[in-house]
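One chain is shown next in C-alpha cells, namely the form predicted alone.
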C-alpha cells in the first residue's frame, strides 16, 4: 500500500442560502486556494474527482458544468461520484494506490436551499417499496430516534446535550453556519418538529462547497512540512430497507472502522457526520470511542450541513486539527442515505 496524505483543504463559509453565486462561482476561489496551498502546479495534479448530486441543483449534468471551476486548461483526468465528496476522496485514494497518479484534487458542492431538502432526500430510498410512500428524511430520522429512545440507548436530554455541545464548539469555527451557547433546558422545552425530534436535533439547510488535495508520500513530503497521513479508509453499507435492519445500531460503521484501523492507538478527536443529534450517539458506540475523545470540534453537521460536502468537510476539519497541532490522531466519518445507510471511516495521523 502506498502512503497517501492530505496536503491541503479549503471550504466556503457555510450559509443558509447562497444568494449571489452559482456552483462554479462558489468553487473557483476554494479550488484556487487549495491548489496554491498544496504547492503542486495545477498541470501536475494527476486526477480530479468531484462529488455532488443533480437533484439538488435541479438540472441534469450539473456536475459537468461545475468542472468549469477547475479551468479549461490544462486538460485533466476527471471523474465524478453521485455521492458526498468523501467518496470522491476514496476514488482518488484508490487511483493513487493503483499507481496511476501521484496526486489528486477532490471537490464537492451542494446548494440545499434550492429545494425542499427533506423531500429531495426521499429519492435516496428504494424506488419500488419506499419512495412511493414519500417518507421525508426528517421523518425517517425521527423513526430511528424513537427506536433508540424506546430501547433505552439514549434520552431526549442526551440528544439536546449533543446539539448544544456541537453548536458551542462551532463558536471557534468561523466558517460554521450555526454557533452559540444554548441552554439544554430551553431546548427541551421547545415543541417537536417531528416527534421525538425538535429543531435543534435536525441539521440546518446549508449551501457550501469544499476542496482537498491528496498526494502519495514522495510528493507529499516534497511540498508539505505537515502532511496529514491517511492511515486507513473504508466504506460499507447497510440495507436500504429500513425494516430489514436494527436502526439503533450501525454495523456498517463498525465494520468500516475496524477495516480502517480505528481501534489500535489513541484517538484524540472524531469528526462524525451526524446530521441528527441521536446519530452521533449511535456512531460513537459503533466506533467504540471513549468519552475522552473530543467529538466534532468544528461543530459538525448540526452546525452546518452542506449536502454532498459535509462528509468531505469532516475529513478536512480533522486534517486541520492535526496540521494545526490540536491532535495527532483522528477519526473522520461520512454518511449517505437514510438513517446512516452508507458509512465511510477514515483514520488520519500527523
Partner chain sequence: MAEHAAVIGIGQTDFDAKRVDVSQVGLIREAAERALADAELDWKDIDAVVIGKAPDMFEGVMMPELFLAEALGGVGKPMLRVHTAGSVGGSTAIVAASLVQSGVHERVLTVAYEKQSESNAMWALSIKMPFTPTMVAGAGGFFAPLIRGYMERSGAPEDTGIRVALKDRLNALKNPVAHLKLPDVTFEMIQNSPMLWDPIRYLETCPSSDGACALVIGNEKHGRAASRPAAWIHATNMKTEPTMFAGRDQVMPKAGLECSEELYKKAGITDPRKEIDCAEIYVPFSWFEPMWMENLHFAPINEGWKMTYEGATALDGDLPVNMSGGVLSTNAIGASGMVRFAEAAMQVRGQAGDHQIDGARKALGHAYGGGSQYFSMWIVADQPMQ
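Positions refer to the first chain, counted from 1. Nothing here was measured: the structure is a model prediction, and the numbers come from that model.
The same protein also has a form predicted in complex with its partner chain, omitted here; what follows describes it.
Check, residue by residue, if 37, 229 and 260 all come within 4.5 Å of its partner chain in the model of the complex, counting heavy atoms only. None of them does, since no heavy atom lies within 4.5 Å of the partner.
Considering only heavy atoms, tell me if residue 341 and its partner chain come within 4.5 Å of each other in the model of the complex. Yes, residue 341 sits close enough to its partner chain in the model of the complex that at least one of its heavy atoms falls within 4.5 Å.
Contact label in the model of the complex: residue 93 to its partner chain, heavy atom within 4.5 Å: Residue-level check for residue 93: yes, a contact with its partner chain.
Does residue 288 make contact with its partner chain in the model of the complex, using a 4.5 Å heavy atom cut-off? Although its partner chain is absent here, residue 288 would stay clear of it in the model of the complex, with no heavy atoms inside 4.5 Å.
Indicate whether residue 161 is a 4.5 Å heavy atom neighbour of its partner chain in the model of the complex. Answer no; every heavy atom of residue 161 is more than 4.5 Å from its partner chain in the model of the complex.
Sort through 216, 223, 267, 81 and report the residue having a heavy atom within 4.5 Å of its partner chain in the model of the complex. Residue within 4.5 Å of the partner: 81.
Name the residue from 103, 124, 173, 248 that puts a heavy atom within 4.5 Å of its partner chain in the model of the complex. It is 124.
Could you list the residues in 233-258 that come within 4.5 Å of its partner chain in the model of the complex, counting only heavy atoms and keeping sequence order? Heavy-atom contacts to its partner chain in the model of the complex: 235, 236, 237, 238, 239, 240, 241, 255.
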